[in-house]
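Only one chain is included here, represented as structure tokens and corresponding to the form predicted alone.
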């Protein structure tokens, strides 16, 4: 079954709202074995929407429209689709009852235009909205099925999960389903990853491999199309093993929503290790990144922001003679910062960051030069030098990612 998604709303074209519905719907439909071939955004213009529906009729079995079901004059999705398939709009009694209940409970006056939200396309199936007032419609005409959903994600998502998904599973059972697995990699660029996996990518059939570059990391989506889920998982296992044989050293975790900081914090928790940090050029960004993770207090003791020479001496107790001789952008400084931070915080691991974020060079070192130190209880302290590019913000974020990876590797190696 071929599907396409049409997002309706001028605010999407203006960039005022991000079209997150397309991502959500594509993932959900793929999970049902329904392949999405097209994504389109159209403004609140009935003529343009009608033209787009004419194209969609010839190329898709399922057309999912989101947005344009509200009470205002520019919410014309239902009117346009109904006219397109030569049907009328009728009032859904369940939606009408919910509308009256809402306004009675809120003690607000209901304006006449709110009744538009209770209209559905005659001959279709009403899709009730558990978190909003606009009713949706599922209707088939001339072998094409139209699914109309509201635009707000907080309405569309529960509506799909509760009412749409079971309906699609019942009416359009698919012989095959798409099963995906996302692998995440740090320390290797997309071009290098693709080069390393060239033979696998060039000869892919089922499952398939799709690389995606993200800031400071790369993901691979492995997708199998198969009738039996267990057999599909085995196909993914076999392909993943081949990928790992080639680039497994850069792999750190699974999933779309996972991240290097999540994986690092979980590794620290699993091994009962605590961490601290001493930051210069990152100015607390590393510690802030840790603080975004729920439950990090179990492993993060707090840390130090030592942006100047004076605070490196005063807060961390670093010998001023070392700083004068070696400079702040140096291996020696990074090692001293990490060691002192670990001792002062009484942590198992400490990471330090010192370098040049720009826009000008410092101590004769070019912009993007970063030293990252790692002090670990019972182990020699080390420091690595990285040369990051792009702008100031990207350099600081890159440093944080490298620091997280150093910690993760230090912890996981003890398994």
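Positions refer to the first chain, counted from 1. Whichever C-alpha set is largest while still superposing within 1.5 Å between the two forms counts as the rigid core. Nothing here was measured: the structure is a model prediction, and the numbers come from that model.
The form predicted in complex with another copy of the chain exists for this protein as well; it is not shown, and the discussion that follows is about that form.
- Shown without its partner, this chain lists 111, 206, 94, 203 as candidates; in the model of the complex, only 111 has a non-hydrogen atom within 4.5 angstroms of another copy of the chain.
- This chain is displayed alone, yet in the model of the complex one of 349, 383, 42, 356 has a heavy atom within 4.5 Å of another copy of the chain; that residue is 42.
- Checking 169-177, 308-316, 141-149, 325-333 against another copy of the chain in the model of the complex, the stretch whose residues place heavy atoms within 4.5 Å of it is 308-316.
- Proximity of residue 282 to another copy of the chain in the model of the complex falls within the 4.5 Å heavy atom cutoff.
- At least one heavy atom of residue 55 is located within 4.5 Å of another copy of the chain in the model of the complex.
- Using a 4.5 Å cutoff between non-hydrogen atoms, residue 258 does not count as a contact of another copy of the chain in the model of the complex.
- Contact annotation for residue 287: at least one heavy atom lies within 4.5 Å of another copy of the chain in the model of the complex.
- Site residues 36, 48 and 393 are all in contact with another copy of the chain in the model of the complex, judged by any heavy atom within 4.5 Å.
- Contacts with another copy of the chain in the model of the complex, taken as any heavy atom within 4.5 Å, map within 290-311 to 291, 292, 293, 294, 296, 297, 300, 301, 302, 303, 304, 305, 306, 307, 308, 310, 311.
- Remark: with the core as the superposition reference, the CA shift of residue 341 between the shown form and the other one stays below 2 Å.
- Residue 70 shows a C-alpha shift of 2 Å or greater between the shown form and the other one [criterion: core-superposed Cα displacement of 2 Å].
- Look at residue 179 and residue 38: in the model of the complex their Cα atoms move 3 Å or more farther apart than in this form.
- Compared with the form shown, the residue 263-residue 157 C-alpha separation decreases in the model of the complex, the change being 3 Å or greater.
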